[in-house]
Ligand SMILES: Nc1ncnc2c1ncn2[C@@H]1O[C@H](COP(=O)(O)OP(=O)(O)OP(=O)(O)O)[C@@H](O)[C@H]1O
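The chain below stands alone and is given in structure tokens; this is the form predicted alone.
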Amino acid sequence: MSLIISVASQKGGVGKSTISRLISREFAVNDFQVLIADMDISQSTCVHWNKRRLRDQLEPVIDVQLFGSVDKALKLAPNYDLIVFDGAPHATKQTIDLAKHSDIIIMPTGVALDDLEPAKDLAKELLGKGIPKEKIVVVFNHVGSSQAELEEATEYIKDKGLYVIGPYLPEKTSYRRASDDGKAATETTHTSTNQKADEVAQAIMNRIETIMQNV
């Protein structure tokens, strides 16, 4: 049975594709057959990223396909150990459909209220549709240098009863440069940024293991 992960947000620019690629790459390194289901047919961000990855013959190879519906992607589940859905922003119905089929829903967000409030609203909607709270995981992305801001954002999310991954992705040019070259956040040219991304990936994997043990 395939593991199904959805990376979802109702707001663009919070790092959905960054997290989708990070998770996919780390599982693929561990010999998982991985498919990224790019659900944003208008931008096709992960599809374009993978073309750059294939151009440079980067390993591990990660399959990426564009889908207009969740059902079409799920039909390929027998062929993969893991499907990572990179959800489209502003697609509430699709996001709810993804969540219902997922083992875990990862919600990336920045630390400003402009990002936190949409994350809170999406979580509230998912919970209202019967998605278990334990399956919703929040990860911070584009975090600046202010520890106080990060702590306030963490408390904001935890006050809503949601699980927050401790490690976070800082705001770094090297992550964008890596993406431009078809690489994931653990494949930058800097050891320190790779380590930060690896900590995020490992924390997500640990949370997945906990969730699956409790199923």
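Start at 1 and count along the sequence shown; that's the residue number. A quick note: this is a predicted structure, and the numbers were derived from the prediction, not measured.
Keep in mind the form predicted together with the ligand is missing from the figure; the text below concerns it.
*Asks:* Do Asn141 and the ligand share at least one heavy atom pair within 4.5 Å in the predicted complex?
*Replies:* Asn141: yes, in contact with the ligand in the predicted complex.
*Asks:* So, Gly110 and the ligand: in the predicted complex, are they within 4.5 Å at any heavy atom pair?
*Replies:* Answer no; every heavy atom of Gly110 is more than 4.5 Å from the ligand in the predicted complex.
*Asks:* Does the ligand get within 4.5 angstroms of any non-hydrogen atom of Arg207 in the predicted complex?
*Replies:* Taking the distances in the predicted complex, the answer for Arg207 is no, it never comes within 4.5 Å of the ligand.
*Asks:* Is Leu169 part of the interface with the ligand in the predicted complex - any heavy atom within 4.5 Å?
*Replies:* Leu169 belongs to the contact set for the ligand.
*Asks:* Report the stretch among 24-32, 145-153, 37-45, 55-63 that approaches the ligand in the predicted complex to within 4.5 Å, counting heavy atoms only.
*Replies:* This holds for exactly one stretch, 37-45.
*Asks:* Taking the ligand in the predicted complex, which residues of 106-134 have any heavy atom within 4.5 Å of it?
*Replies:* Stretch hits: zero.
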